[in-house]
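Consider the single chain below, provided in structure tokens and representing the form predicted on its own.
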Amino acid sequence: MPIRINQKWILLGLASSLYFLACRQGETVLPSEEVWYAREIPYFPPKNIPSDNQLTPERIALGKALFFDPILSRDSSLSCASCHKQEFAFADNKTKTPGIANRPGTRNVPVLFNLVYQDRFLREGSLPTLEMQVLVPIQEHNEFDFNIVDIADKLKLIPFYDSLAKLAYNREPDPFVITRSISAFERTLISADSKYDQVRLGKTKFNQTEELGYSLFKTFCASCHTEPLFTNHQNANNGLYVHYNDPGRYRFTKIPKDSGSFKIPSLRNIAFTAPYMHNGSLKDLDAVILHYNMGGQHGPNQDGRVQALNLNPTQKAALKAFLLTLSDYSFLNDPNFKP
């Protein structure tokens, strides 16, 4: 099957390598713009890209292929994309998504977008790089249950991966290449084309209800869900429970005050990412607003910023209307992110 390749975008060597991918995986559509992955959002913070993993077309192409390839799991049944689906803003619509052999998931699947602006990963924010994060689902017993060295041995036998790894990193597809190429692709997952963004750029305006919701958001929510990424990347105990079954950041730090503390998620694309919270226990956006309106369960480690909002029905509807303006439909349909 032929592969559509923008000759200005890709090197001839990569084009020849992609022939093997066509034979293995079917047609692959590559990005249509030469520097699509390098776009800058004027009101976003600087990107966080390691010096040893600068973005190139070859690295992104390799990482994208691996992201969608079930070869990363022990029984070749699951890929990264099995849990991180584009139609759900690279999250999932399940409470906890099972791993190989239907092993139970332990946490709700987090979103994958705007990662290039972050410096802490996992639900408890315990890892400082995406490259380190890639290892977690691979080795977790209830996820891929595999060894990255064994994955590398399998990839070396596949001409496409061997050729593209050498083009991308000048080395065979080893653990270094696997973790860095997947991270390179994930750093291209930028969501910045919601109605909120169009308002920021002066291309449209909020309606009256959305404007009221935005005002309420800035008053009650913005200290944790800071614009424009709608997260401050910190951890907090949001009062979901008095006592948590999942220790959260405490699992990493062993500091008692970190029990029940999780990384504050972005509110962008929240319309697509139900169910919510680290364990998927709140089924819809109305339940989330109700939780915060009541002020949480007042456990011993609850963050002091979580207080009862006491919003009336009109205000709750307005806040929800604003949150829906964070929906980026172009991100959900971007062909650069499709297999």
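Since this is a predicted model, take the numbers as computed values, not measurements. Quick note: we count residues from 1 along the sequence shown, nothing fancier.
Keep in mind the form predicted in complex with ligand HEC is missing from the figure; the text below concerns it.
Student: So which stretch, 132 to 140, 154 to 162, 168 to 176, 196 to 204, is the one near ligand HEC in the predicted bound form (non-hydrogen atoms, 4.5 Å)?
Tutor: After filtering at 4.5 Å, what remains is 132 to 140.
Student: Does every residue of Y37, F44 and E210 put a non-hydrogen atom within 4.5 angstroms of ligand HEC in the predicted bound form?
Tutor: Zero of three within 4.5 Å in the predicted bound form.
Student: Quick check on R180: any heavy atom within 4.5 Å of ligand HEC in the predicted bound form?
Tutor: No, R180 sits far enough from ligand HEC in the predicted bound form that none of its heavy atoms falls within 4.5 Å.
Student: L319 versus ligand HEC, in the predicted bound form: is there a non-hydrogen atom within 4.5 Å?
Tutor: Yes, contact at 4.5 Å.
Student: Looking in the predicted bound form, any heavy atom of P247 within 4.5 Å of ligand HEC?
Tutor: No, P247 sits far enough from ligand HEC in the predicted bound form that none of its heavy atoms falls within 4.5 Å.
Student: Is P228 a contact residue for ligand HEC in the predicted bound form, using a 4.5 Å heavy atom cut-off?
Tutor: Answer no; every heavy atom of P228 is more than 4.5 Å from ligand HEC in the predicted bound form.
Student: Heavy atom within 4.5 Å of ligand HEC in the predicted bound form: which residues of 74 to 108 meet that condition, in order?
Tutor: The stretch 74 to 108, when checked against ligand HEC in the predicted bound form, contributes S79, C80, C83, H84, T97, P98, G99, R107, N108 at the 4.5 Å heavy-atom cut-off.
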